[in-house]
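The chain below stands alone and is given as structure tokens, in the form predicted alone.
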């Protein structure tokens, strides 16, 4: 009996602390390329997270998130906006995510609230070289004397139950505030940021602030890179979460011609369907908790259904044969 209880406790402990890592390696990016959402995908799913992308066909411009395998650490300026100054993803991996955060960048959790344990973060080549050397828009950090107390800081907050928390975690992408100039730095390597103190969240919000500002706002290029986002698979408030969890049902699965999508306790939520590359296939609204998805023209493979309702994101997958 004691042996049984020991293994049961061991199993539950492993289950409660299971983790998923979002590393974007499932996206088939060629080496030294990028995906900025110009295909209309609307964002990227990896692990337990969804990174929204807003691409404008009218202006050929994007906001939010892009995926990249760019390696250029030498070329300054806007035309190198997709590169990481580390030259690769974390641990020399190929793919990573780039945020263009003129407005706060949002990372959304799918399958209900989760705790983001942490992630790796690095400067993009564009902002790094801009801060190090200065350019036509931005000053050289430290100024001519090297003594200007410049900084480039990220503030991370969480949304929980649709409300923005007052709790936050700060991370300096560059810091020249010390009286000792030898302590000045601009982040050039992937650095782990512990986000576990924020607790469970529906989404995370990333805000950028700089000491270098002008009449149109921040002069420092509003970019940063992330990789290997670690999430806990089960809620710390396990019993209440399981009791209140909304289930997204897909039938039949695997499917050939159609998939019946249903969700109890939901009032006409919006759903989005994505393929394995993160491309958005279509959106729809569940009427009275149901929708029949025609998949006859879908290529064989794995697809994700992401449901949004009251700032909650729940996902489920199905296979098209």
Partner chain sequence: MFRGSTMLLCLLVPSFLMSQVDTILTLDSVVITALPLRSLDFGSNVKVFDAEDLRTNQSSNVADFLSDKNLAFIKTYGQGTLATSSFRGGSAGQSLVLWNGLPVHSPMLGQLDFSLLPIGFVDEIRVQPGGNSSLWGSGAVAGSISLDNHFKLPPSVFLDFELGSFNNVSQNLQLRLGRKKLKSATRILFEKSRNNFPYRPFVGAPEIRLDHAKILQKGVMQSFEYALRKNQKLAFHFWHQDTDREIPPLLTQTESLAQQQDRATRMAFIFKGEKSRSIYEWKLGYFAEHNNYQDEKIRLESANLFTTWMTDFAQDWIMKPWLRISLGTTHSYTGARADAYSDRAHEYRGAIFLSSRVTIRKLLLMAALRKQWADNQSVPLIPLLSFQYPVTPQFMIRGKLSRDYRLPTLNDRFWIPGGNPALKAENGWSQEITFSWDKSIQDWSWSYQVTGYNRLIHDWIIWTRKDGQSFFSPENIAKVWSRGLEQNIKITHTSAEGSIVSTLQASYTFLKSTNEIAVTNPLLAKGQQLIYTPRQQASAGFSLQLKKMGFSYKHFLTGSYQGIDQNLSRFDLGAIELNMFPILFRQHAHLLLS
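Nothing here was measured: the structure is a model prediction, and the numbers come from that model. In this text, rigid core is short for the largest set of C-alphas that superpose within 1.5 Å between two forms. Residue numbers count along the first chain shown, from 1.
From this point on, the text means the form predicted in complex with its partner chain, which you will not see here.
Using a 4.5 Å cut-off to its partner chain in the predicted bound form, not one of 110, 172 and 200 places a heavy atom inside that distance.
With the partner omitted from this view, the residue of 152, 128, 100, 190 that lies near its partner chain in the predicted bound form is 100 [heavy atom within 4.5 Å]. Shown without its partner, this chain lists 249, 72, 167, 194 as candidates; in the predicted bound form, only 72 has a non-hydrogen atom within 4.5 angstroms of its partner chain. The candidate stretches are 281-289, 36-44, 251-259, 58-66, and the one lying within 4.5 Å of its partner chain in the predicted bound form by heavy atoms is 58-66.
Contact annotation: residue 136 falls within 4.5 Å of its partner chain in the predicted bound form, judged by heavy atom distances. Remark: residue 162 does not count among the residues lining its partner chain in the predicted bound form, judged by a heavy atom distance of 4.5 Å or less. Its partner chain in the predicted bound form comes within 4.5 Å of a heavy atom belonging to residue 76.
In the predicted bound form, residue 145 approaches its partner chain with a heavy atom inside 4.5 Å. Core-superposed comparison between the shown form and the other one: the C-alpha position of residue 52 differs by less than 2 Å. The pair residue 300 and residue 55 is tighter in the predicted bound form: their Cα-Cα distance falls by no less than 3 Å compared with this form. Legend note: Cα of residue 301 to Cα of residue 66 is at least 3 Å closer in the predicted bound form than in the depicted form.
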